[in-house]
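Presented below, as structure tokens, is a lone chain in the form predicted alone.
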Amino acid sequence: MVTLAGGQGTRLGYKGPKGTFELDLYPKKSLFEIICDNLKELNQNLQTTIPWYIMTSIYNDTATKLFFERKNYFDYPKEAIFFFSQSELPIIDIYGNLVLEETFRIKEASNGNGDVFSALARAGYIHQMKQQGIQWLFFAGIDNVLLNCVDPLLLGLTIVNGHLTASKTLRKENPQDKDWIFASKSGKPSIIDCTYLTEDMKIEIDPITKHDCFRDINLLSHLFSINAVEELANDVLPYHRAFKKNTFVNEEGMKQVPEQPNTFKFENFIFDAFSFFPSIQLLRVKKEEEFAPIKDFNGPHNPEVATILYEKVKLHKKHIDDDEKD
């Protein structure tokens, strides 16, 4: 299991690694602990210990490791948890100039979750995995509290159908929504901007499968074979540009806090890795069962909504377990 946890809780107004953000449960649980609970349950059911790899960034690596130490690794085997850090790239202003973090220091930003393959290789973990006989890796973000982090169904479908990569998807309910969707681009699996679709394509149905052709959206829950991961560590994923607001040090050496976006950062995205392979296994899941991300306090994906959905799913699962015992 690989958890992408390089972000800070800035959009939540939270100071610290996003994975340390706690839901208002009783007792309170951090996003890291929620994932750990799922892994421990899987370990018990499968009679094994799943290695847990956590990608941090230069901004939260130390704080993340200290958090795990304070929490006694949530009683997960310490020797089965591996931390590694993604890289950074300089950011530039609207004129293409480098920006200063402080005098004589260039401002940098993490280069996106697509760096995970190279970061695993730099840390020596791909070699370690192959030595341990690990054949498949699940990748997911830190903020989805309903994440089914290691899914035997997805793994089985992927192996049986002969794919090297797989992803879970959600059905886009409104075809006019701006969510990017899975599609074939130049004969390769890709995630594309839906604005390139015609109105007919947005609602197109496959005549054979009766399945929507262009309604599968990404929920950041992916599967890659170890051979695919090793190949991707040596490939170059494309960079995407994001216009962001960043403080900087001006020519007089004074720190300035802009009111509007003023810089560009460059990021790799993990989903661009799919286009390096001829095919992909997609598994559409139910939103109410597997998708409750925490993005910010004001939007639809806020902590309160995520907590309600988390408790609802846990209560439903408890009822099922109680019925099976009876």
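Sequential numbering from 1, following the sequence displayed. The term rigid core refers to the most C-alpha atoms you can superpose between the two forms while keeping them within 1.5 Å. Note that the coordinates shown come from a computational prediction; the quantities given were computed from them, not determined experimentally.
Missing here is the form predicted together with a small molecule; even so, the following discussion is about that form.
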item: Whether L4, T10 and M55 all lie within 4.5 angstroms of the small molecule in the predicted complex by heavy atom; value: yes
item: The small molecule in the predicted complex: contacting segment from 138-146, 190-198, 176-184, 99-107, heavy atom within 4.5 Å; value: 138-146
item: Selected contact from E33, D272, E267, D61, since only one has a non-hydrogen atom within 4.5 angstroms of the small molecule in the predicted complex; value: E267
item: Selected contact from I81, L220, L237, I91, since only one has a non-hydrogen atom within 4.5 angstroms of the small molecule in the predicted complex; value: L220
item: Residue contact check: R284 to the small molecule in the predicted complex, 4.5 Å heavy atom; value: no
item: 4.5 Å heavy atom contact, K255 to the small molecule in the predicted complex; value: no
item: Distance check, K244 to the small molecule in the predicted complex, heavy atom within 4.5 Å; value: yes
item: Close approach of T158 to the small molecule in the predicted complex, 4.5 Å, heavy atom; value: no
item: Rigid core fit then N302 CA moved by 2 Å or more between the shown form and the other one; value: no
item: P278: Cα shift of 2 Å or greater between the shown form and the other one (core-aligned); value: no
